[in-house]
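A single chain comes next, written as structure tokens; it is the form predicted on its own.
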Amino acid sequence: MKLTILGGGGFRVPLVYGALLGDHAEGRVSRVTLYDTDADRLTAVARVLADQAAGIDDAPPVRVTGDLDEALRGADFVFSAIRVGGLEGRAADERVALDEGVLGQETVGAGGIAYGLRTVPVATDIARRIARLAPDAWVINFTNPAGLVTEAMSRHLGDRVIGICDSPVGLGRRIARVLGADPEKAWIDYVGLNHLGWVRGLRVGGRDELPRLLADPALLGSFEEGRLFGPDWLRSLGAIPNEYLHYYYFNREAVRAYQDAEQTRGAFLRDQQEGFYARMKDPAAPPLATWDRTRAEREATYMSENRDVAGAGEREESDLESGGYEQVALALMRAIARDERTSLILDVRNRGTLAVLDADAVIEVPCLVDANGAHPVAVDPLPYHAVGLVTAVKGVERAVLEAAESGSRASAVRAFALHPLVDSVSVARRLVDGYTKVHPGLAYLDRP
């Protein structure tokens, strides 16, 4: 089985390869192709992967290429993990937004819209190439904003593109552990959009254990989301939100914390990763150890501003463990390639699952996965407060897709102006002006 990773020079690629090294079953991945536009990053990551594979006799061989068409031909699975504009682009997204007093996070609010406007045209071109060069391949999308990019690619690939995210999985595991349940045996009732969803139940042996958690303030305050949102707010919601909803529920505090920070998250990661790739140019640098030290620092500082706002303290050791999105990807591949039926929370087309959205809207819900792909499971209707957020943000995503397809500046302004975290049409217009100045890739927004 042949796997192609787009964005193969990306920092998290060794997580995926590490998961593949642990799979020794028949039908496993037999070859990995890394594609990237940055040759130095490709070389650095290839060194880390070679270090990971040392001493493992059946390690899948790795080849690298800067030719996209070559990378796609013959692929059975394609992982899309690109970052259009790099971390320099992310840092610019954050700064432009914060200068206007609104959130600049890479998937939420103004920053997410800017990232989407840069990424959708590139992802759409990739989807068209895959449809032409590898029509039987399954595409697993890691590229953020994951729901938006998956929906853009689905217009050309249909249900053969599936988006994944480790946030719902991590949340479900933390809740299960707090309740003393086996995360692998618990059914997580999760529903929403990518980075905009809620756990509404956690069933073990047919019994919903979430009410027991919500009724116990001590238990609620004992895990990351409980500390982040506070037990009182979680009891009021009657659900456990994805951590990214902190940007919505505590927006003023989050924006202020980001404005007061010495460095934005994107700027921190840019500098950190530039240091990693620079060190990897030294032939004497131990590849895997260098990468692992950098990864540990990256994970420990994740959403640190939000935790500071909430007084949540440092991340728990269990939250720093590997086994996130790379394990979701491996389970998804196994289920499709070997018909090993499983359930996973994925980003897929709605197909009537949520009545408030049309059939082609990509949502994030539990799915049953088999050789025919991912099939969303029926879920209860959303409460009105969630309907408002989900439909508003889906409307924003559709405006981004329209702008990317038509080059309409007005559609781009509408995308910013309609987002719940952008509070003025005038601000939206200035955001479009600011982003087009710093991102040459947005020059296509030249139609009224």
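Bear in mind the structure is a predicted one, so any value in this text is a computation, not a measurement. One-based numbering along the sequence shown.
Although it is not shown, the form predicted together with ligand G6P is what the next lines describe.
Trainee: Of these, 338-346, 121-129, 278-286, 164-172, which stretch puts a heavy atom within 4.5 angstroms of ligand G6P in the predicted bound form?
Mentor: Contact criterion met by 164-172 only.
Trainee: With the partner left out here, if you bring back ligand G6P in the predicted bound form, are 190, 246 and 385 all within 4.5 Å of it by some heavy atom?
Mentor: Judged in the predicted bound form, none of 190, 246 and 385 sits within 4.5 Å of ligand G6P.
Trainee: Which listed residue (177, 298, 95, 156) meets the criterion of a heavy atom within 4.5 Å of ligand G6P in the predicted bound form?
Mentor: Going through each option in turn, the one that passes is 298.
Trainee: Answer with one of 269, 239, 257, 133: the residue that has a non-hydrogen atom within 4.5 Å of ligand G6P in the predicted bound form.
Mentor: Of the candidates 269, 239, 257, 133, 269 is the one lying within 4.5 Å of ligand G6P in the predicted bound form.
Trainee: Given that the partner is absent here, does residue 12 sit within 4.5 Å of ligand G6P in the predicted bound form, heavy atoms only?
Mentor: It does: once ligand G6P is placed as it appears in the predicted bound form, residue 12 has a heavy atom within 4.5 Å of it.
Trainee: With the partner left out of view, is residue 144 within 4.5 angstroms of ligand G6P in the predicted bound form by any non-hydrogen atom?
Mentor: The answer is yes: residue 144 has a heavy atom within 4.5 Å of ligand G6P.
Trainee: Hey, in the predicted bound form, does residue 106 get a heavy atom within 4.5 angstroms of ligand G6P?
Mentor: Because a heavy atom of residue 106 falls inside 4.5 Å of ligand G6P in the predicted bound form, the answer is yes.
Trainee: Give, in sequence order, every residue of 367-399 that has a heavy atom within 4.5 Å of ligand G6P in the predicted bound form, or say none if there are no such residues.
Mentor: Contacts from 367-399: none.
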